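Single chain ahead, written as structure tokens, the form predicted alone.
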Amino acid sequence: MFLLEVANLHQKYGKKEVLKGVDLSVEKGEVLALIGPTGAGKTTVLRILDLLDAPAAGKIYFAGKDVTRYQRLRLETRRRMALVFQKPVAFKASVYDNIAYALKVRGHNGSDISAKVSSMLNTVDLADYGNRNAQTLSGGEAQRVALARAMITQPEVLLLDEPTANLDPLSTSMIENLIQRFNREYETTIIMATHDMAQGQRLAHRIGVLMNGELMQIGKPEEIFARPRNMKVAQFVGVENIIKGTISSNDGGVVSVDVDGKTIEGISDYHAGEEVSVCIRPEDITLALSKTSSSARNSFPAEIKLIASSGALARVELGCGFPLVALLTRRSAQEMGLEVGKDVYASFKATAAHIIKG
């Protein structure tokens, strides 16, 4: 049984339809990241899951119970969840009192509160900040206080709205480590909205792509980024090689795609004559100075058009009858003597050619 489910979720603000039939199921202990452009509906989903807002239509199930309509169940369920907003809210009080607030309203006694707050301050690495005014903290410190306040009651579900937006890299790393720790040590189910796709890949067991109020695709990170379901998802997740062509043949699931007279082989159930796009991740393309025998069914002579280094990696733009981008280590590029104008062979396996309609 799933811990949290939504079925056919719709939401409207005035005449604008913000969510359009979203279906979502989350298992206990799972980390789910919702990615999508600004205005896609990510925050709206979190607010509805936290039962702050009622949906225009659809149902929400918590531990198998429909909690959409009944006020008593909604209040009970909200106590089992916590939501941390993009801009953390700090009461005009000490860090200690901010974190202790949820325990106080639940009627915990003083010694119990003191022990739990002290432990949580250590967890978020703010042990010496208890007496500080929470409104004087930096963005990263304030976000750690917000996480501590959310986790002090050990909720079953933690909802995070852009938890590292506008934070410096060090603060972002600290917050990400805390998210992983809460999930691992407390077995907290975490649903987070993020604009940072790399963060989703680092933290999430599954990723959902939300665009224009629709859940376009959900799956493991490697499925989302290597096998996008359609053109919109492929473009959003940054598939750099999207090559349009037409299926010329299908031989038992191995298709040949005609691209301006060149042929790319891939795996698909599409039929001859259908217009498609071939998606290839740059890291799945290998470069060689001469044609070699390998298991790769696709190999094209190419000319290097541009090389750009980024840290330990080199991004190589190629022309081989169609544009192609390859990604390899900078060391490999140097050892091969790659430079603009040099001729190489670009190869990739048929299984690396993900084919989508259109």
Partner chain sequence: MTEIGQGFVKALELIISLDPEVMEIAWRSLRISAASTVLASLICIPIGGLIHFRSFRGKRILINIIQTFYSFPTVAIGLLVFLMISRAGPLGFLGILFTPAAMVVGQMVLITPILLGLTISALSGVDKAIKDTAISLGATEFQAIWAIIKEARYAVMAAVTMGFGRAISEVGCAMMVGGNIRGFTRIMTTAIALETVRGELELAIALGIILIGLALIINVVLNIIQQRYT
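Only a predicted model underlies this, so the values are computations on that prediction, with no experimental measurement involved. Numbering follows the first chain given and starts at 1.
The form predicted in complex with its partner chain exists for this protein as well; it is not shown, and the discussion that follows is about that form.
**Prompt:** Heavy atom to heavy atom, is K92 within 4.5 Å of its partner chain in the predicted complex?
**Reply:** Heavy-atom contact with its partner chain at 4.5 Å: present for K92.
**Request:** Spell out, yes or no, whether the shortest heavy atom distance between Y186 and its partner chain in the predicted complex is within 4.5 Å.
**Result:** No, Y186 stays farther than 4.5 Å from its partner chain in the predicted complex.
**Asked** Using heavy atoms and a 4.5 Å limit, would one call M174 a contact residue for its partner chain in the predicted complex?
**Response** Judged by the heavy-atom cut-off of 4.5 Å, M174 is well away from its partner chain in the predicted complex.
**Item:** R78: touches its partner chain in the predicted complex, heavy atom cutoff 4.5 angstroms
**Value:** Contact check for R78: yes, within 4.5 Å of its partner chain in the predicted complex.
**Contact test, all of D50, L83 and R149, partner its partner chain in the predicted complex, heavy atom 4.5 Å** = Every listed residue reaches its partner chain in the predicted complex, so yes.
**Request:** Spot the stretch among 33-41, 50-58, 307-315, 328-336 with residues whose non-hydrogen atoms come within 4.5 Å of its partner chain in the predicted complex.
**Result:** Among the candidates, contact is made by 50-58.
**Asked** Which residue among V237, L210, V124, A102 has a heavy atom within 4.5 angstroms of its partner chain in the predicted complex?
**Response** By the 4.5 Å criterion, the partner-contacting residue is A102.
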